[in-house]
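Only one chain is shown below, in structure tokens, and it's the form predicted alone.
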């Protein structure tokens, strides 16, 4: 077993055990009501999970995207009501810009492809200005890793809480904070992104993270649905014994497996691109988000059909998964957004390049 696979296994066991123990129905309900999740975050931070992509010489775990994927997928499977995924992305960006990752909840901005922030030199520091909407956990976090351009180069700034204001509080369907923030230009620490990070694909890496979360939530939905089909009886036998239900469960399992495989392929491609200092993982990242978002829609429909009226009640835990599936499928670009972009990219290369390009990515 390689060192990397050992690290992935260790992290997987660690994060799944922690979140399974610490995140339950009552915790999720209290989080949706606005209760702080400081104790959960302290446990997450003690295990070093937010710094999975931060190099060891900067105090991090030193993992790659293959290791980060197992952490992010677990965050999706257990619906972790904290910005763990955003902190993982922030740590990756900050370390790529030569900045240390603080011990606190962190988010990233901007998170929409049509928005941009401005970073300007200000003596020995930098100033960040502009507005970013739908920022995950904006009202909760203590820092934000803000991406922008400074003198024509891609930069990342570490923005403390005092340097932005919340213009509008909002939430996604899953009741996770998605806020509009205005950055007021305070002096900050910032650095240029290294060659290990492709600025043109930052949005795609956010999409990969959401796809990983979706893959985790899909696993949870499949487990809940199979259990319900075995427990719920109709006409004297479990509904899971009926052929029509079995066919839908099989279809669901196929969607979950396909989404998981696409996410794993995207993570491995991201690592190859990182190691080659300039490789292109754009195709795999797009496919991961397309496949995961498509599966989110199909699986959510099947599971609610299988659960019947029970699945639509707030008292049942199913909605914690499906509301996140519906939310995450649209964040960092929907399947339509990525499919159109992928189609344009492939068409621009010409018909004769399609098959060789697919084979090369084998």
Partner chain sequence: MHSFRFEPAELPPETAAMRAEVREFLNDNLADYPSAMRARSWAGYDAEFSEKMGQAGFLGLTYPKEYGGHGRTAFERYVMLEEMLAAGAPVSAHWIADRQSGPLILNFGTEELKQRIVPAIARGEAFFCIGMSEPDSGSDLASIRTRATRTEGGWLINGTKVWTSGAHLVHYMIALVRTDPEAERKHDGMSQILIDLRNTDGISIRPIKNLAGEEHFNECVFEDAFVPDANLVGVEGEGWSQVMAELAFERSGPERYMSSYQLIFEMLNEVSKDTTAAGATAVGRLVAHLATLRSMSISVAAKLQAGEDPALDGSVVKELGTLFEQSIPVIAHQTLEREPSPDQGDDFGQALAYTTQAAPSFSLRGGTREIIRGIIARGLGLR
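Every value quoted in this text rests on a predicted model; they were computed, and no experiment measured them. Positions refer to the first chain, counted from 1.
The form predicted together with the partner chain is left out here; the points below concern that form.
- Across the proposed site, 240, 258 and 290 without exception bring a heavy atom within 4.5 Å of the partner chain in the predicted complex.
- When contacts are judged by a 4.5 Å heavy atom cut-off, residue 102 does not count as touching the partner chain in the predicted complex.
- Under a 4.5 angstroms non-hydrogen atom cutoff, the partner chain in the predicted complex lacks residue 13 among its neighbouring residues.
- Although the partner is absent from this view, residue 198 stays clear of the partner chain in the predicted complex, with no non-hydrogen atom inside 4.5 angstroms.
- When contacts are judged by a 4.5 Å heavy atom cut-off, residue 159 does not count as touching the partner chain in the predicted complex.
- The partner is absent here, but in the predicted complex a heavy atom of 246, alone among 194, 246, 276, 234, sits within 4.5 Å of the partner chain.
- When you look in the predicted complex, the only residue of 163, 229, 150, 140 with a non-hydrogen atom within 4.5 Å of the partner chain is 229.
- Contact with the partner chain in the predicted complex, judged as any non-hydrogen atom within 4.5 angstroms, is confined among 116 to 124, 94 to 102, 163 to 171, 249 to 257 to 249 to 257.
- The partner is not shown here, but in the predicted complex the stretch 293 to 331 reaches within 4.5 angstroms of the partner chain through a heavy atom at 294 alone.
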